[in-house]
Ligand code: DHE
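Okay, so here's just one chain, in structure tokens, the form predicted on its own.
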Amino acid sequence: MIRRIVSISLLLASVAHADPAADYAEHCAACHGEDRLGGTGPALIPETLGRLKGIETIIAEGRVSTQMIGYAEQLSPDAIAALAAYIQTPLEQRPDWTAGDMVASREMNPDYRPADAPVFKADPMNITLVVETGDHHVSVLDGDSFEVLDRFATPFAVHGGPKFDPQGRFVYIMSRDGWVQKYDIWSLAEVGRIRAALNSRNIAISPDGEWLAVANYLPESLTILDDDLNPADLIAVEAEGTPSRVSAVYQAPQRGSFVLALKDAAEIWEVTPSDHAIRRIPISEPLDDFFFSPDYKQVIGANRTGDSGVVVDLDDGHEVARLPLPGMPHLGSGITWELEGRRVMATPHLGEGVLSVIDMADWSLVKQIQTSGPGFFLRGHATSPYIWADVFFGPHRDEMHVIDKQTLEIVRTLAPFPGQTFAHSEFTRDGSHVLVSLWEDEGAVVVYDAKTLEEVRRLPMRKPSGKYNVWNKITFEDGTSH
């Protein structure tokens, strides 16, 4: 570590005329936090940057398939080099977060009173939550009338998708800076919140609804909370003595466990919620962005180079198949359906305009559907003949493809907002309507008739991102990513 600090100091001295701290404050702090511990973007410290290569190039050119823009026109090469060195410099004191810190952060709403029944007349199973990142709120939407029942403040930079308990009454929402919020949908009231870590990726809820798992980058750990947001455990994550960030944690309902993707270790972890027992599954290389077979016996993950999908049997721990999926497949948004009597899954690609359709019996590639550009999200529904696929990145980000599940052909491309991002669709409980986001600060949720593909209504929203229907999520509906 001393040698590394010295080399970084020499680099900073060689570009002494640059002011990386000022450049960070001007260009980086809004997304990555004034303290470099993360915000809408990840923490920029050695512990979370890990083995990331080409940092100067990323600063100059941006990062493909993210909202990270390039600064080559604003900063000189020397300034970029100094900034890269600056964010790789350890903080004066390594940040840490303990169980005691969690307990001290826990804030329960003193005015919360649980209702005996929903305080609204809408179908509680057809509620859709809309995450509005423009001003850090969530809107509670009636999926039948499309009226907003409540709009509540969330922690800064919600990330990873809300998780509902098995009854669909309580929802847990996590932010990039580690806060976990509990909200009672029946009562339309916040229950409380706790800070589980300093920089987190996502949460999962156990099949019985009694435990929450929080995947963390900083500290490199898995936090276990009970359903009332009390800390139960803080599990340090490491392999062969080296800490590893946790890319994501998933509920595996048929297995009664949590499954972890590790960023820096060639292992998959399976954790039992009740006793926190850990099963380590060695793999040939680190994998993340998991997609599971419907029975949760097999998982497909993306390798670090972003050119393959690797299938691992979770029962015996062996690699089953390796699929050529160039262009960074976004497996986490994959969906499944029946095609000519066989179960298939589809995934968009973050690096190219392709949607890959895969036979889940033998993991063979059925077809690659050409799209207008790299996509991020897919949605479908058991009652619908269509897949909705956005074109999140690139010049065609204003387009939404509607694809026939059986012919695998694009039947219509919707683009109601030229030049603006139009992304992330979600079906109502019965599949009769589809909600799509105008992903802009002065944005909207646009409601479509799922059969006619005609617009029904527009609901003004502040940069609406994800939309999550209670029924689709708690039943693991085929067309919903899990």
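All residue numbers refer to positions in the sequence shown, first residue = 1. Keep in mind it's a predicted model, so treat the numbers as computed, not measured.
Keep in mind that the form predicted in complex with the ligand is missing from the display, and what follows is about it.
Visitor: Any chance all of Gly38, Phe156 and Thr223 sit within 4.5 Å of the ligand in the predicted complex, going by non-hydrogen atoms?
Guide: No, the whole trio is out of contact, none within 4.5 Å by any heavy atom.
Visitor: Can you pick out, from Phe292, Tyr183, Phe377, Phe258, the residue that has a heavy atom within 4.5 Å of the ligand in the predicted complex?
Guide: Residue within 4.5 Å of the partner: Phe377.
Visitor: Looking at Pro286, Gly327, Pro124, Gly161, which has any heavy atom no more than 4.5 Å from the ligand in the predicted complex?
Guide: Answer to the contact question: Gly161.
Visitor: Would you mind picking out the stretch of 97 to 105, 362 to 370, 277 to 285, 198 to 206 that comes within 4.5 angstroms of the ligand in the predicted complex, counting non-hydrogen atoms?
Guide: Going through the listed ranges, the match is 198 to 206.
Visitor: With heavy atoms only and a cut-off of 4.5 Å, decide whether Tyr250 touches the ligand in the predicted complex.
Guide: Close contact exists here: in the predicted complex, Tyr250 approaches the ligand to within 4.5 Å, heavy atoms only.
Visitor: Does Arg176 reach the ligand in the predicted complex, with heavy atoms at most 4.5 Å apart?
Guide: Taking the distances in the predicted complex, the answer for Arg176 is yes, it comes within 4.5 Å of the ligand.
Visitor: Does any part of Phe392 reach within 4.5 Å of the ligand in the predicted complex? Heavy atoms only, please.
Guide: Phe392: contacts the ligand in the predicted complex.
Visitor: Under a 4.5 Å heavy atom criterion, is Tyr448 part of the interface with the ligand in the predicted complex?
Guide: Tyr448: no contact with the ligand in the predicted complex.
Visitor: Using a 4.5 Å cut-off on heavy atoms, which residues of 402 to 437 contact the ligand in the predicted complex?
Guide: Just His424.
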